[in-house]
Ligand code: ADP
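Next up: just one chain, as structure tokens, the form predicted on its own.
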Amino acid sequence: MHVESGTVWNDCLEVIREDIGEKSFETWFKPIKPVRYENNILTIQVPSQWFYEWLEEHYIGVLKKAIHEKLGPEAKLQYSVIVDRGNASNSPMSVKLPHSEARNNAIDEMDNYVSPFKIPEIGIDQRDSQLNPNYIFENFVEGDCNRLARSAGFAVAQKPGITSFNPLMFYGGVGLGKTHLVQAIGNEVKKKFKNKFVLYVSSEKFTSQFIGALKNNKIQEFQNYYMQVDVLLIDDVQFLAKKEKTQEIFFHIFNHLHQMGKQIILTSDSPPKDLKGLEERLLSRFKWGLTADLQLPDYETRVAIIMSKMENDGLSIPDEVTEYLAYSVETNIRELEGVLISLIAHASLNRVDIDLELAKQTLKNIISDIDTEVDIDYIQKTVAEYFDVNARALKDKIRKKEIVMARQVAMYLAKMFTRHSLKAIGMHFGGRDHSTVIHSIQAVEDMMDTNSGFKASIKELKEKIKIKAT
């Protein structure tokens, strides 16, 4: 009588479920698919080589019991192991591996068999996710520079492993919030799904752990640990470059987790196409899901970050200080937060209020890229005195000819003597946009070409500012 492999395997699963915990059953037996039952041989398909090895090392006794109880003592088990999942033009590739008879014999001789590589299953309350509890979505300031990344991250945190964003990869320069965002995802998952094992690890730590496992002959234990993870957060994958063996084991762990429907989240300093020293097979997998960049924060986002930081610390600072810091620190979020911490420390240690002068001194001491001696305020004051107009009028909407000309000259010199962006310069002049700054610079250059007296005035102003700079 012909018996369907699915029916046979379901019968075996009934025995297996009774002998192991529900968590282990869901992890290691739910993904298995019955392929065929012929000549008293049951063939089952498993997702990867590592999956096969885990079953053989840890569940050999359970499997043998189920097969013998349901199919008889002469029945045998055979694995079909997926080694390549294929693509649109190539079919999946698998290999057949037998159930180890040597291990069967060992089980017959030792009822209390313990695998030499076996590690105890980690209890949920003992799992250390390596997450910083301060990194949460609530204090991650959203702006145009990071909106896609944050939205994707939040979606993944609500349904880890279920969305098409798997893997989810964030890339961007130093200090733009990548680590904050991935850890916010991890903390949100832990809050929402108490039973999921979330693990955050930097690529350097992953490499160090692997080297330690290699040195102590515990590779199996190392990979088994990572294969239990439900949400894996790997920071700075670019540092895996040129580490062939580390990339190899990460490749297998990645494959296993992805095939099991586990969530993988990565960060790097560049998009996958620009990463050097990584195997092509890894890079291709990084492109399976969604890649989102984090850019330099714009002025509005920097203002929001400053206000959020001050609010969290229970402090209030004048609007002019907030604007000055947001104008001046255009590099990254980490540097902006560093300035705020220093500013708060200076005010606290010296027992003074936070004002514009303190902000300027703080910035001068810790940010070498910002020239606080020749800043836009000084340029505005110098130009206003030269043309005999009120410096404050340069920021107003006054359209008098002499004010407009002085304003355009000040914008021109601000572009020449400071590192501010056009947008930041415009904000210093009453919130004007970058196109106004471009027009002003062009107007000054055109007038210099046609008016020698005006050109001489600009040269004189440049000399004044150069003297201040030195």
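Residues carry their position along the shown sequence, with the first being 1. Keep in mind it's a predicted model, so treat the numbers as computed, not measured.
The form predicted in complex with the ligand is left out here; the points below concern that form.
Using a 4.5 Å heavy atom cutoff, N139, N146 and G177 all lie near the ligand in the predicted bound form. Although the partner is absent here, P318 sits far enough away that none of its heavy atoms falls within 4.5 Å of the ligand in the predicted bound form. Taking the partner from elsewhere, E337 is found to have a heavy atom lying within 4.5 Å of the ligand in the predicted bound form. Among residues of the shown chain, K309 is one whose heavy atoms approach the ligand to within 4.5 Å in the predicted bound form. P272 falls outside the set of residues with a heavy atom inside 4.5 Å of the ligand in the predicted bound form. Residue in contact with the ligand in the predicted bound form (any heavy atom within 4.5 Å), chosen from F254, F222, Y135, Y327: Y135. A heavy atom within 4.5 Å of the ligand in the predicted bound form is found for exactly one of I333, L199, L290, I354: I333. Heavy atoms within 4.5 Å of the ligand in the predicted bound form are found in one stretch of 258 to 266, 168 to 176, 225 to 233, 278 to 286, which is 168 to 176.
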